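What follows is one chain in structure tokens, specifically the form predicted on its own.
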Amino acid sequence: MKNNTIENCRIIEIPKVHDERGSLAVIEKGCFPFEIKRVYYLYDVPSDAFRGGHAHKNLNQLLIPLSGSFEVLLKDGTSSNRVLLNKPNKGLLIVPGIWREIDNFSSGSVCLVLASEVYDETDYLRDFNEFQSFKG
């Protein structure tokens, strides 16, 4: 969506249950504002590498740090914000029309991504100039 800003992106608290045996996080229908149509995860990412470097026209995503930590740089064409993700019960909702770059992966980190749509290459904006034109 063209008019989304980084203010539309937010941390979503994932419900958890904790007792002496440990913690259990639960993702169910209604936990966040979209239906899951695709799930994938990033792992074994070198600490000096980055992922992302694109935006989506229609896709919503929730990024969850299952293990370790990483940072997400969000840009909406006007503003930018860097978010540290390091708690497995807190995910970052990224709405359509937001550029994202994921970096500073800690050793052993795993980033789970829940997506609102199946893979569609035509939904990607992979060039930042193209992204800015799309937002304009």
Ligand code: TYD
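Treat the numbers as computed from the prediction; the structure is a model and nothing was measured. Residues carry their position along the shown sequence, with the first being 1.
A second form of this protein, the form predicted together with this ligand, is not displayed here; the remarks below concern that form.
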query	finding
Interface stretch in the predicted bound form with this ligand - options 65-73, 81-89, 52-60, 29-37, non-hydrogen atom within 4.5 Å	52-60
Residue contact check: residue 124 to this ligand in the predicted bound form, 4.5 Å heavy atom	yes
This ligand contact at residue 110 in the predicted bound form, heavy atom, 4.5 Å	no
Partner contact for residue 42 in the predicted bound form: this ligand, 4.5 angstroms, heavy atom	yes
